[in-house]
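Below you will find one chain, with nothing else, as structure tokens; this is the form predicted alone, and questions on how it binds or moves follow later.
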Amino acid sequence: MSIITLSSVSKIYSEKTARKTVALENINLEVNEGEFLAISGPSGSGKTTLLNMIGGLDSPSNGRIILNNKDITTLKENALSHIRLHQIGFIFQAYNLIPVLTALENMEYILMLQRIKKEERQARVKDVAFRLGIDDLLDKRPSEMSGGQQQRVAIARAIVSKPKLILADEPTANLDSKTGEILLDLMRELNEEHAMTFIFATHDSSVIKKAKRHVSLLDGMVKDDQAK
């Protein structure tokens, strides 16, 4: 069953000089529920732009994006916010942790917005933190963590609410190979046990190797699409 369908999607940025930059051109892509998909390509190929549009953080210049049978290109911001809150987990390259909150508070923030009771919130957070080896960081704020530790907290925050879709922009950046392997194994486990759909934008060959499907971009266009 399809969870995402992109039809003739393009993204064009206009600059003050009237020059136009084509970030994505005529993308047609269908992603089924439960896929574990890696999108690769050189810098500037459109990977992050594509993730942002699938997540409703950016809108295409042309084309349609269907997420769970809804055309999100026609939705207003409050409807998009509701979808992002309840259906999508984001792992940003820049982490985007809230500086004044501890790791525990960052991880349970989405659960609070979803109005999940405190006992269940903290139980979920502690379980995920233990599995990711960051249970000793729960009382620390982002400024007290290394880049790799912040990355693990950001990943935990994205998966703790068990969303239908995880969008991950370079999730293994700033991680050593062993930690990256552990995180990928956990995500693959969540994918297989809960049918959570994962889409990665990545340069990391280990992520591509673990993926069940690999889409490569070049100059804003799909160069190759292979299932494994």
Partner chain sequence: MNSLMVILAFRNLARNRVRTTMVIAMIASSLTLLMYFQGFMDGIIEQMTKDTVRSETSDITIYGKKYRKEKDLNNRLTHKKYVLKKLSYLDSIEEHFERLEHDAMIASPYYSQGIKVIGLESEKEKDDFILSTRIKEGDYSFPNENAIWIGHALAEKLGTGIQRKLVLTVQDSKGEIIGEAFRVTAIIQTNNPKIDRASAFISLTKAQALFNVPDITQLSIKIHDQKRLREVRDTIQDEIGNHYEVFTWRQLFPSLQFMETATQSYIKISYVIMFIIMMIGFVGVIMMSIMERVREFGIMMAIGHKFKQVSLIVFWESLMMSFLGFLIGTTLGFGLLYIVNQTGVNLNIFGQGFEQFGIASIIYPPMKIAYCFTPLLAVIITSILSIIWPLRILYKLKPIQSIQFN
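C-alpha atoms forming the largest set that superposes within 1.5 Å between two forms make up the rigid core. Positions refer to the first chain, counted from 1. The structure displayed is predicted, hence computed values, not measured ones.
Below, we refer to the form predicted in complex with the partner chain, which is not included among the displayed structures.
Partner proximity in the predicted bound form: Arg124 to the partner chain, non-hydrogen atom cutoff 4.5 Å | No.
Partner proximity in the predicted bound form: Ser81 to the partner chain, non-hydrogen atom cutoff 4.5 Å | Taking the distances in the predicted bound form, the answer for Ser81 is yes, it comes within 4.5 Å of the partner chain.
Within a 4.5 Å heavy atom cut-off, is Glu77 in contact with the partner chain in the predicted bound form?
-> Judged by the heavy-atom cut-off of 4.5 Å, Glu77 is in contact with the partner chain in the predicted bound form.
Does any heavy atom of Leu57 come within 4.5 Å of a heavy atom of the partner chain in the predicted bound form?
-> Flag for Leu57 set to yes.
What is the one choice in Ile134, Met145, Ile72, Ile110 with a heavy atom within 4.5 Å of the partner chain in the predicted bound form?
-> Selected option: Ile110.
The partner chain isn't shown here, but in the predicted bound form which of Asn52, Ser45, Asn191, Thr179 has a heavy atom within 4.5 Å of it?
-> The residue in contact is Asn52.
Full three-residue contact with the partner chain in the predicted bound form, heavy atom 4.5 Å, for Thr197, Phe200 and Ile208 | Heavy-atom distance to the partner chain in the predicted bound form: none of the three under 4.5 Å.
Within 92-112, which residues come within 4.5 Å of the partner chain in the predicted bound form, counting heavy atoms only?
-> The stretch 92-112, when checked against the partner chain in the predicted bound form, contributes Phe92, Ala94, Asn96, Ile98, Pro99, Val100, Leu101, Thr102, Glu105, Tyr109, Ile110, Met112 at the 4.5 Å heavy-atom cut-off.
Would you say Asn174 moves between the shown form and the other one, meaning its CA shifts by 2 Å or more once the core is fitted?
-> Passes the 2 Å threshold, so yes.
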